[in-house]
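First comes one chain, alone, set out as structure tokens in the form predicted alone.
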Amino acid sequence: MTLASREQMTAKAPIRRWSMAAEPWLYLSPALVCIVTVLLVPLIIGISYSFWKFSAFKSQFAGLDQYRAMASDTVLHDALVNTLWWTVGSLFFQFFLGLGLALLLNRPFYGRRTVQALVFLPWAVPTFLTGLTWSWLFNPLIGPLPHIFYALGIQSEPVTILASPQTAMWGPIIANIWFGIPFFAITLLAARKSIPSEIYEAASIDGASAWQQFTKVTMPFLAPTIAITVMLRTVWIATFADLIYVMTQGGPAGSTNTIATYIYVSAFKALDKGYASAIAMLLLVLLIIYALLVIQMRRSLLKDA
């Protein structure tokens, strides 16, 4: 190799290193453009809106006034409590019913494929149609549920539970449970199938009962998946407005008004995009704190495993 060719290769080395470093980012560029366009740009716009006061004909800079107004907003305080009830009530039943369904579908039985298809069907139904269907089911004129509740002694008369502030939240919660069970069933079934069968064979040889195998083998292996699925589903439920709005529109008397529905009403009914953005920022901060706690818990579970 001549001296000139060696110098030429040395000169091209930085360019080659730069191209090798830039190559992965080139492949990721379509996804990065989508993330920036779909997530970061709306987030920045939403944050900027929270510092402005909007009315029908004009807008003016409000600084932190929107955030100060939230401290004395009793409707927002009630919405926070309703959001907690709505999220915890939906998540509790979704998780345990989904877990039971995943363990059932993991066992071989006749017609399992048909049952799997039927179980996953609610996840494919649009939420608007889900809310509309359950509203009809709770309607005593055309739906069977009020008459079933009356026959079982749950209600003193066959009326819709959506009309009473004491029971209205259970309507969207029941609809959301039906809608969200397939998510846990799918993810937990996949995680259960990834557990090696040799571990269960060894546990059986050691004399472990079915309950001991579930608590000492199944649940520790499923724990990291459970943590991440519970976190994701919690975020989705807390920001889920369309199901509640279709069924109750936040009523009666604000008993089903959550932060998500309050954001929608403030932005598109009251046309106060600034205050709606400030409430959205509050919800974002609360969910980020929650997500960080769950991620930290998941890391500890993985470390212990």
Partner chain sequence: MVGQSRVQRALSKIGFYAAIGAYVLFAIFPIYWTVKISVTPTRLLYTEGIKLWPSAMTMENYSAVLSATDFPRYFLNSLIVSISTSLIVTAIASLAGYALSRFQFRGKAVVSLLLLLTQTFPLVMVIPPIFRIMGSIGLTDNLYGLIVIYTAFNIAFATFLMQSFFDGIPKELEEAAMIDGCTRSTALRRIVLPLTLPGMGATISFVFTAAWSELLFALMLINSESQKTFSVGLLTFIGKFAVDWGQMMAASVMALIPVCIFFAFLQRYLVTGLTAGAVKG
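Positions refer to the first chain, counted from 1. It should be emphasised that the depicted structure is a prediction, and the values quoted were computed from it without experimental measurement.
Below: the form predicted together with the partner chain, not depicted.
*Asks:* Would you mind picking out the stretch of 162-170, 74-82, 209-217, 139-147 that comes within 4.5 angstroms of the partner chain in the model of the complex, counting non-hydrogen atoms?
*Replies:* Heavy-atom contact with the partner occurs in 139-147.
*Asks:* So which of 64, 253, 70, 38 reaches within 4.5 angstroms of the partner chain in the model of the complex, heavy atom to heavy atom?
*Replies:* Contact with the partner chain in the model of the complex is made by 38 alone.
*Asks:* Looking at the partner-bound form in the model of the complex, is residue 122 within 4.5 Å of the partner chain by any heavy atom?
*Replies:* Judged by the heavy-atom cut-off of 4.5 Å, residue 122 is in contact with the partner chain in the model of the complex.
*Asks:* If you check in the model of the complex, is residue 92 within 4.5 Å of the partner chain, heavy atoms only?
*Replies:* Contact check for residue 92: no, nothing within 4.5 Å of the partner chain in the model of the complex.
*Asks:* Residue 53: heavy atom within 4.5 Å of the partner chain in the model of the complex?
*Replies:* Taking the distances in the model of the complex, the answer for residue 53 is no, it never comes within 4.5 Å of the partner chain.
*Asks:* Can you work out whether residue 126 and the partner chain are in contact in the model of the complex, taking contact to mean some heavy atom pair no more than 4.5 Å apart?
*Replies:* Taking the distances in the model of the complex, the answer for residue 126 is yes, it comes within 4.5 Å of the partner chain.
*Asks:* Considering only 218-256, what residues come within 4.5 Å of the partner chain in the model of the complex, judged by heavy atoms?
*Replies:* Those in contact are 224, 225, 228, 231, 232, 235, 236, 239, 241, 242, 245, 246.
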